[in-house]
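We begin with a single chain expressed as structure tokens, specifically the form predicted alone.
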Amino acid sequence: MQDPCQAREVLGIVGDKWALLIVRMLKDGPLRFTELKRAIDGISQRMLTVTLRDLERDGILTRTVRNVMPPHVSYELTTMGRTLREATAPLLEWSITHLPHIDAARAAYDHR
């Protein structure tokens, strides 16, 4: 039987805002690094690189290199990555829906 505390490894992925945004961006198929960088506002090149490597290591996505000039590298969700996308989609949708309310609550709090 698995130790329930080991779930923190998975929660580290689910709790990482950049990882979830990358998974969301890859929902419609493979994207290149530059496409991901443009699509995810605020992510640095280094953070995107680190997060993509972590997701590849965890089996969430695959990295494919095509030997052309210049090299063509694309990222795509694995089967497990697609199940993560399905599991986290409601959380992301909730975030988008409630963002105006969160912004208002923060402003009210900061105004006190």
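Note that residue numbering follows the sequence shown and begins at 1. Everything quoted here is computed from the prediction, not taken from an experiment.
There is another form of this protein, the form predicted in complex with the DNA, and it is not shown here; the text below is about that form.
Shown alone here, H98 lies farther than 4.5 Å from the DNA in the model of the complex, counting heavy atoms only.
Heavy atoms of R63 reach within 4.5 Å of the DNA in the model of the complex, making it an interface residue. The DNA is not drawn, but in the model of the complex it has a heavy atom within 4.5 Å of M47. Contact annotation: R53 falls within 4.5 Å of the DNA in the model of the complex, judged by heavy atom distances.
Contacts between 11-49 and the DNA, taken as any heavy atom within 4.5 Å in the model of the complex, involve K17, W18, R32, F33, T34, G42, S44, Q45, R46, M47, T49.
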